[in-house]
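Below you will find one chain, with nothing else, as structure tokens; this is the form predicted on its own, and questions on how it binds or moves follow later.
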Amino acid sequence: MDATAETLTFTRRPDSWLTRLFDYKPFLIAACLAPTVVLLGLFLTYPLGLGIWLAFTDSTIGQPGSFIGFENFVTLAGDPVFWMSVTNTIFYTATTTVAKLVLGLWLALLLNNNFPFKSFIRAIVLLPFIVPTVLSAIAWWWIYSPQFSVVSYVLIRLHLIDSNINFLGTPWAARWSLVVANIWRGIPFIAITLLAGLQTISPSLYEAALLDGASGWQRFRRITLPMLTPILSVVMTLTILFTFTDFQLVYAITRGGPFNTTHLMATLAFQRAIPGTQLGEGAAIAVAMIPFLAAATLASYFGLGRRKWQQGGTDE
């Protein structure tokens, strides 16, 4: 007896309105972005908008103030302390960024080699970056102390100097002291980030270069540097933004002294707005930082779009 195959037919139930709604791509995109948009609106857009509004008012702590137009900016244009803070910020950002990129790349190249206790040493390198900023700033303040400086103590013991060095007593000595502290704190972030980029470069490229007789410098210039360029661009932008807006390290070590000569724009904005109670003037200083930050961001954006430049070539 032949078996008769029965054909079973299934009737597909129509999708519910909720299923159709989540299958609609624009709604799905909006639903995924909504939490981020709400959080940014609450914690970024609103404070930024309020800060910009305060920059055009004469508000003080406890008083809402009134709209005064560009009067705060006109006052700042004739304020020598403000212009000193702008110069300090540019100097501080430029010197530390260059030093951190060079030293961070050098450290990343060293950590990319095979050596004993490699994982442990890589973890130790991160310590300056993961230690709370204020705690590390207090440590540097102690190192720079005119009475208790360990640097002065060692140099006196070695008979290289006769008395303690007052690292924070003069303007340029204090500025360079802040630069050193910032470099020490920022190198680990750059080194570990670039090390991650180095790990993605195929060893076969270096093997082929060795077979062609390329030297170490040629391998670095023709392989390592072009392959790291996209990561270097991002790291450089983040470093500039973080350094330009640095507040905790500088304020904890010098508080802008001596005689306001180490103020950055961020620390001066805080000093004028909170201890000085002039919210409008402090907000104006903070708003004056926006063009510099926007320029750094745009430079990174257009730089990352230059694909041939990222691969070591030239743009047409």
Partner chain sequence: MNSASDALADADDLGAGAAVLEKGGASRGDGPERLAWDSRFRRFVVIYLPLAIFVVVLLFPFYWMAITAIKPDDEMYDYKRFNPFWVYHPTLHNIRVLLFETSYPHWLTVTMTVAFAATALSLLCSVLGAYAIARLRFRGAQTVGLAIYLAYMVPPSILFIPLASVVFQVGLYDSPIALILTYPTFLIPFCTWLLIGYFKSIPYELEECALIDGASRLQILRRITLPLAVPGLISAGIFAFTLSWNEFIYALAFIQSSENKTVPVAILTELVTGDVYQWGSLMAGALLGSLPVAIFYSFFVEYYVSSLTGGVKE
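All values derive from a computational prediction rather than experimental measurement. Rigid core (definition): largest C-alpha set, two forms, superposition within 1.5 Å. Residue numbers count along the first chain shown, from 1.
Below, we refer to the form predicted together with the partner chain, which is not included among the displayed structures.
- Though the partner is left out of this view, G276 does not reach within 4.5 Å of the partner chain in the model of the complex, counting heavy atoms only.
- The closest heavy atom approach of L241 to the partner chain in the model of the complex falls within 4.5 Å.
- Contact annotation for F43: at least one heavy atom lies within 4.5 Å of the partner chain in the model of the complex.
- The partner chain is not drawn, but in the model of the complex it has a heavy atom within 4.5 Å of L135.
- Between the options A209, V234, A94, M84, the residue in contact with the partner chain in the model of the complex by a heavy atom within 4.5 angstroms is V234.
- The single contact residue among A173, V125, I90, I165, judged by any heavy atom lying within 4.5 Å of the partner chain in the model of the complex, is V125.
- Using a 4.5 Å cut-off on any heavy atom, the residues of 205-221 that reach the partner chain in the model of the complex are, in sequence order, Y206, L210, G216, W217, R219, F220.
- After superposition on the rigid core, the Cα atom of V74 is displaced by less than 2 Å between the shown form and the other one.
- Relative to the superposed core, K118 undergoes a Cα shift smaller than 2 Å between the shown form and the other one.
- Superposition of the core reveals a Cα shift of 2 Å or more for P35 between the shown form and the other one.
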